[in-house]
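Here you get one chain, nothing else, as structure tokens; it is the form predicted alone.
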């Protein structure tokens, strides 16, 4: 059987699904060996997805197109999944807390599952349209998706914060297995800062690219507009924390609202609104 990139990436979906399930089991039963297995499987899935992305890039050259696999909805969903796992693994190795995996890995799993199995997503490799034939493609997409993936993890942390409870020891077996709210709040804040910085760079590189492709830095295209709205949501969260001292539930809710805005920026604009970025849905 010939192994192609689509096969490897579809297989990655099940690996991430298994990892999410194992992290859930670890959260429930607190078995250290199960947690280690979850990490190993997540790393294995990450390496498998990396191989799939590299293979797809090579397949593009074999077809004579020769471009990075970041140009359509399928490829961007795969990349989002890959970066989300990367961000999560960095957090896991930094905090030594594997329970977070039960809240972070499902985002990556859902993204690549939608890419691999949705009838609305075409996974064939296509030549780049003229607007995408630019060296700015890599810079813009990578920076934006570093931001999006960080916001996905921050959303997971926000959900974790809301269900954790205020007491250090609540008497609830599952809740007490989670990090304290203070730890979650700090992680959520750091992750939002990281994502905000990358989204800012992504918007700037997109503006420069837009000027190169269409002769204007900003055209109030629907995706540009919603990217700016998303930027303002997270800017509000950071400003409120620095200036007003907001923390805890308020920031957790903003992290969730912000990621909903990310989802609409990504899917809503592609499927509901037309504009210069409509090619992203094809």
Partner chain sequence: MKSNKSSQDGNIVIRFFSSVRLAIFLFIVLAITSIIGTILPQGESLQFYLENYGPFWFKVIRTLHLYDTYHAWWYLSLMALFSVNLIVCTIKRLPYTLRLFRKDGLNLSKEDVLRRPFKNSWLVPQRTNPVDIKKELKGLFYEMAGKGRSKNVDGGELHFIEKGKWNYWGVYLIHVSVLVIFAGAIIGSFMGFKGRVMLLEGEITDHAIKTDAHGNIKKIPLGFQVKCEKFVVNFYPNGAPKLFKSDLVILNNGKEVLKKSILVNDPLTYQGVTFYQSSYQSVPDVKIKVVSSDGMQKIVHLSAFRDRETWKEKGLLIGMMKFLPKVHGAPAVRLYIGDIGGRDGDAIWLLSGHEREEKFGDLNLKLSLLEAQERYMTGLQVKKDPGVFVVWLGCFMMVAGFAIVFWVGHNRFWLWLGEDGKKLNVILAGQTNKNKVHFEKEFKKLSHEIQKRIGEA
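Note that the structure is predicted; figures quoted are calculated from it, not measured. Residue numbers count along the first chain shown, from 1.
As for the form predicted in complex with its partner chain, it is not shown, yet the points below apply to it.
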Using heavy atoms only and a 4.5 Å cut-off, determine which of 139, 177, 121, 207 is in contact with its partner chain in the predicted complex.
207
What is the one choice in 145, 74, 107, 196 with a heavy atom within 4.5 Å of its partner chain in the predicted complex?
196
Using a 4.5 Å heavy atom cut-off, state whether residue 97 contacts its partner chain in the predicted complex.
no
State yes or no: in the predicted complex, is some non-hydrogen atom of residue 27 no more than 4.5 angstroms from a non-hydrogen atom of its partner chain?
no
Given that the partner is absent here, does residue 214 sit within 4.5 Å of its partner chain in the predicted complex, heavy atoms only?
yes
Can you work out whether residue 249 and its partner chain are in contact in the predicted complex, taking contact to mean some heavy atom pair no more than 4.5 Å apart?
no
Pick from 82-90, 182-190, 111-119, 169-177: which stretch has non-hydrogen atoms within 4.5 Å of its partner chain in the predicted complex?
182-190
Flag this candidate site as yes only if 58, 162 and 253 all have a heavy atom within 4.5 Å of its partner chain in the predicted complex; otherwise mark no.
no
For 229-255: residues with a non-hydrogen atom within 4.5 angstroms of its partner chain in the predicted complex?
229, 231, 232, 235, 236, 239, 240, 242, 243, 244, 246
Say whether the C-alpha atoms of residue 168 and residue 244 sit closer together or farther apart in the predicted complex than in the form shown here, given that their separation changes by 3 Å or more.
closer
Note on residue 166-residue 243 C-alpha separation in the predicted complex, which departs from the shown form by 3 angstroms or more
closer
